[in-house]
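Okay, here we've got a single chain as structure tokens, the form predicted on its own, with questions on binding and movement later.
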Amino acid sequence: MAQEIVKKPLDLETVKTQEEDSLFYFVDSNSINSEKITAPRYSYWRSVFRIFFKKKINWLILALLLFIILMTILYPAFNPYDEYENVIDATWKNLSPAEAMAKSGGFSLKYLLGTGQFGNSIFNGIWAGSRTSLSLATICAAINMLIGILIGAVWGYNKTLDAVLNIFYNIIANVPYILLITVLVYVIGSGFWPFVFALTITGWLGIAYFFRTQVLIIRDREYNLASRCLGTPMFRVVGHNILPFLISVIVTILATELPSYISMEVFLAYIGVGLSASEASLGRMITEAQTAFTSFPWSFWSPVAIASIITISLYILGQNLADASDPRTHM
């Protein structure tokens, strides 16, 4: 006669001991432990920031960039920049930091980096110019990214729209971008918002074409075909199935767009196109000091250094955030 095996319910102490010793243990069907879920709750963005902040270099660069942003916001508010405040007094022109501080009567942040060719404070000018350049880059990147992503996603998904926009892209893409910006600035005039318009009127087109290519890769995957068969509207498929899959790509493009507009402003100011003379910018400061960068290096290399720090910091942070937002790094 077969001996009947009777399983005794395990007490709590036994369960805890077995849980510590092994990943697998017996629980009573009537016990609350049978309903316990041991898998941790997953959050995509929490995982992204955990991977991003794991690199110590990101902390350092982020602190540096936050310091620069705070200085561009706060310092000009309390110390307004006037490029021509000492233009009448020739003794203030092109002074080294030591000479400017001695003339002002002692240590002063205003003359920490000396003066320029108009007797202007280089230190005050850097933060006023950085505010203009950062504002320009942020606004242009936001407009071009928003329009480019939305149009690019629909462009790649809708085959009828794809044929029309391809013709439009082939026409506009053959016009040199710098030439188009230069003509627009001369036609509509110089200034902050006309310059933003010139940079964004066709700046979104390259982003849209890039995302069109990315959407074509994943458009006909099984889950998208299933959504189309179920009658899901196009914009819902794009918004729920396609764009979330491209988050890391979006962050990667943003990492290159932000610093590129600062570099573009500096370059266009160098060739004499861009913001008006009343707008302080890093590009104008570099352009005005280029002829004297060997004689008075502080007036040239100071804005070059701050422009380089901003662009490199934005690029490194963007690339590291793009790597952290890639789902393959979360495994």
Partner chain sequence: MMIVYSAIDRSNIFNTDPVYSHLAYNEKTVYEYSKYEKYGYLTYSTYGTFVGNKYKAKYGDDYATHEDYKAAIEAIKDETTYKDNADVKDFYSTYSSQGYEVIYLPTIYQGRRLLSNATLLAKKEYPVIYRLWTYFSQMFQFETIWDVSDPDLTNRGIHIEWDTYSNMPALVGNGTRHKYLIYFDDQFPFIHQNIVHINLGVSYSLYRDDDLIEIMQTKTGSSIYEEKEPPAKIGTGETVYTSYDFHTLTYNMGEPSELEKEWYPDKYTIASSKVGGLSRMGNSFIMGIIATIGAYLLGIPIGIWMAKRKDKIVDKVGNLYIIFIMAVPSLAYIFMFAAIGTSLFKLPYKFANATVPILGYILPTISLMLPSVGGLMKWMRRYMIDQQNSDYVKFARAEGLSEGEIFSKHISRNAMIYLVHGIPASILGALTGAIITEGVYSVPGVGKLLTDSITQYDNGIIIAMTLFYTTLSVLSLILGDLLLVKYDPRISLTDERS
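Owing to the predicted nature of the structure, the values given are computational and were not obtained by experimental measurement. Positions refer to the first chain, counted from 1. Rigid core here is just the name for the largest C-alpha set that superposes within 1.5 Å across the two forms.
A second form of this protein, the form predicted in complex with the partner chain, is not displayed here; the remarks below concern that form.
In the model of the complex, L66 touching the partner chain (heavy atom, 4.5 Å): No.
Heavy atom of I51 within 4.5 Å of the partner chain in the model of the complex: Although the partner chain is absent here, I51 would stay clear of it in the model of the complex, with no heavy atoms inside 4.5 Å.
4.5 Å heavy atom contact, P244 to the partner chain in the model of the complex: P244 lies outside the contact set for the partner chain.
4.5 Å heavy atom contact, N174 to the partner chain in the model of the complex: So N174 counts as contacting the partner chain.
Non-hydrogen atom within 4.5 Å of the partner chain in the model of the complex for each of T182, F300 and I312: The answer is yes; T182, F300 and I312 each reach the partner chain.
Segment that reaches the partner chain in the model of the complex - one of 155-163, 140-148, 255-263, 211-219, heavy atoms within 4.5 Å: In the other structure, the partner sits against 255-263.
Proximity to the partner chain in the model of the complex, single hit among L70, I271, L60, A277 (heavy atom within 4.5 Å): Only one option qualifies, and that one is I271.
In the model of the complex, residues of 185-212 near the partner chain [heavy atom within 4.5 Å]: Those in contact are Y186, V187.
Large Cα move at I188 between the shown form and the other one, threshold 2 Å, rigid core: The answer is yes, as the C-alpha of I188 shifts between the shown form and the other one by 2 Å or more after core alignment.
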